[in-house]
Every structure is written in structure tokens, then in C-alpha cells.
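Quick heads-up: the C-alpha cells below are two forms of one chain, split into structure 1 and structure 2.
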Structure 1
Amino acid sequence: MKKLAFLVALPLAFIGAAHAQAKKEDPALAVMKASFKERGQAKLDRLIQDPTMATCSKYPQAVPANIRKQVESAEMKNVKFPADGKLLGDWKLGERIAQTGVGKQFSDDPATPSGGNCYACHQLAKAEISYGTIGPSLYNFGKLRGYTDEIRKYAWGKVWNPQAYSACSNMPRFGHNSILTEEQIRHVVALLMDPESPVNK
């Protein structure tokens, strides 16, 4: 009888342990939640991964082709194009947005709009002497690709949600995550696509 009770209790113990483990919070996330405090523009919601970021975290080296397709397909549905169809704003304002790193840091005033910080990862213009190389050069972006509606739409989508075009990209989802407003994205797209922009000179 005791043996039977033991055999019944053993699987139940494993189920209980598995359930407790599933409910247990990731230790690294627990440490971050304990260490970080909301302040200014820095909010704790950035610690919570959405399904796409959780998927990408599982593949730190290389994302399998089938997973890549699934992520890009799901994220393409999240690209929001302007209702009025206007994709381009003022490239001069776009240049200011691209060259500012303000935003989402605890020291940033919540009333101040975020910038794109684009120069931290990309070369934008020939005259620049300091820029990041994590992302590809954007110099001559429109000039090389053509100033077509199709490329304008691609540029908008890429800024709004780069995961839709390149799964698990390091580039921020500026529109999807409300880092930049729709109006700001118009200006950034103009910086990339206006023939008069320094990007295309």
C-alpha cells in the first residue's frame, strides 16, 4: 500500500515542481526589476518582452529560416502607414531628429520628444566624420534605390518596424514602440528619400 501511495505521489510531485518552475520568474529579469526604478522617460515596461522579442531571445546567434519568416510575417501586420498616404515630411527636421539621441533615458524630460539617434548606428551623409557602424551606411539611400513610391513605402515600413523586413534586427521599432511619432517618421523618411537631403548628395 505504501509503495502504491509513493508511486502515485511521485508523478504529482514532479507536476507540482514543474508548475512552480514555470511560474518562477527568470532570475535575470527579477534582478533587473529590483534594480531599475521608473524615472523620467525610462519605464519598467521595457523589461517585458513581446512575443517577437521573446522569440528572438531564443536565437542569439542565428534565427532559423522558418522562424525568420514567421517573425517577419507577423511583424509586417504591425506596420502602420499614414492614413492620409503622406510618407514624406521635411528632411531638415528629419536631420535634426536623426542626429539627436534624446529619449527613453531616465535623465530625459518626459515632455521632450525622443530623437532617432540614427547616427549612432549609421552613416547618413558624406560630411559626417563620426558615426556608428552597427547598421549599414544610409548615404545615398534614395539616390541608389530610386525615388519611387515603392521605395518610399519601404523606407517608412523599415523605420516603423524593421522586424517586418529583417527578423530580430537590432534596429529599434520606432513607430511600433512609439519611440517616434508618425510626424517625426515622415521627416526621417524625407531625410532618406528627398533628393535635396544631404543623405542623397
Structure 2
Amino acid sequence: MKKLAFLVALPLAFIGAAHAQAKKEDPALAVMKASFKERGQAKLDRLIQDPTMATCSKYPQAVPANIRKQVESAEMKNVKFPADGKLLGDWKLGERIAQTGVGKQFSDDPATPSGGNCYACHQLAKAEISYGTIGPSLYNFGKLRGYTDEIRKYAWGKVWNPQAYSACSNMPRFGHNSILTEEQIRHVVALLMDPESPVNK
């Protein structure tokens, strides 16, 4: 009888331990979940990472080459090109989107369309001297790269999901994470790729 109880208890203890292992949460994430409260449009699910962000957080300085490849091929599957094939919109509207930094903060009105805030990180048109340097200068982007189909597609894909071309980039995945709409991305791509855009003057 005693022996039987032992035989039953052993696997149970084993399953219990394995279960606890699987459920054991990263202590930092547990602390974060307890330290934030949702406010406006910023809910607590914003603390949860997708597999790419979890990987990128692990390698804040240099991502190993094999992991870079994995991230890039996974994210490339998330790039969506427009059904009608139209990649270029109005660069004037694109400039406005590039200037605007509002959107997605708990202090922002969710009814107002988000901006791309490209100038926060990039130089674009020469006339705008208040630009950031987190990303490279995009001045003359189209002129230098060539006004080709290939580069237009690259510019679209890059704004949609920069991780597809450069794993763990600091640039937001504007299309993939629904920060900008397809229509807005069209305008921003025109800002980069229209020969008439001030970016290419």
C-alpha cells in the first residue's frame, strides 16, 4: 500500500516540478507587470514582447549573425505590399507625416492619426535643420539610390518593417505595428522617392 502511494506520488511530483518550470516567469517582467497601470490607449499588453523583440532585447549591442538572419527572414514574411501596386503618394503629405511625432502615447488622442516622426531620427529635406541622428541621413535618398522599382520597393518595405532588412533596428515597424496606414506610407515613400521631393533637391 505504502509502496503504491510512493509510485503514484513520484510521477506527480515530477509533473508538478515541470509545470512550475514552464510557468516560471522572468522576474523582471513580473515586476514590470506590477509596476505599470494602463492609461488611455496604452494598455498593459504593451509590455509583452513578440519573439523578435524578445530576441533583440537579449542582444542590445551586437546581434550574432545567425540570429540576425533568423529575425530578418521571419520579419520579411510580415512585409505587406499594396494590393494595387501603387507605392508612391504625395510627398507634401509625406513631409507632414515625417514632421509629426504624435501618436500612441497615453497622452495622445487615439482619434488623431499617428505621425512617422522621421525627423526625430533622420535628416531628410535640407531646409529642416532640426533633425535627429539616431538613424542615417536620408537626404538625397532617391537621387543617390536611383529612382528604380527596386529601390521604391525597398523604401516601402523598410518603412513597413525595418527588421526585415536589418535585424533589431531601432526604427519602428511602422506598417507591421499599425503606426502608419498604407495610405500614409505611400506619402512617406514619395517623400523619399519622388524626384520633386525636397529630399532629392
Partner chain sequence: MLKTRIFAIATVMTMLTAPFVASAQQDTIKEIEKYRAALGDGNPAELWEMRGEDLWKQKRGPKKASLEQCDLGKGPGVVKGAYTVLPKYFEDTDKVEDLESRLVTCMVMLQGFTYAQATKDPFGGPGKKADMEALVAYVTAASRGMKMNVGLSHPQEKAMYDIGKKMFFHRGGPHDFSCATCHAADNIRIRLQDLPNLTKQEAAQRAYTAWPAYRVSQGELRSFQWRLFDCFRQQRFPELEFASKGSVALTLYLARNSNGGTFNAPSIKR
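Structure 1's sequence is the ruler for residue numbers, which start at 1. None of these values were measured; they are calculated from a predicted model. We call the rigid core the largest set of C-alpha positions that still match within 1.5 Å between the two forms.
Peer 1: Kindly point out the structure, among the two, that is the form predicted alone.
Peer 2: It is structure 1; that copy is the form predicted alone.
Peer 1: Would you say residue 143 moves its Cα by 2 Å or more between the two structures, aligning on the core?
Peer 2: The answer is no, as the C-alpha of residue 143 shifts between the two structures by less than 2 Å after core alignment.
Peer 1: Quick one: how many Å does the C-alpha of residue 31 shift between the two structures once the rigid core is superposed?
Peer 2: With the cores aligned, its C-alpha sits 4.0 Å away.
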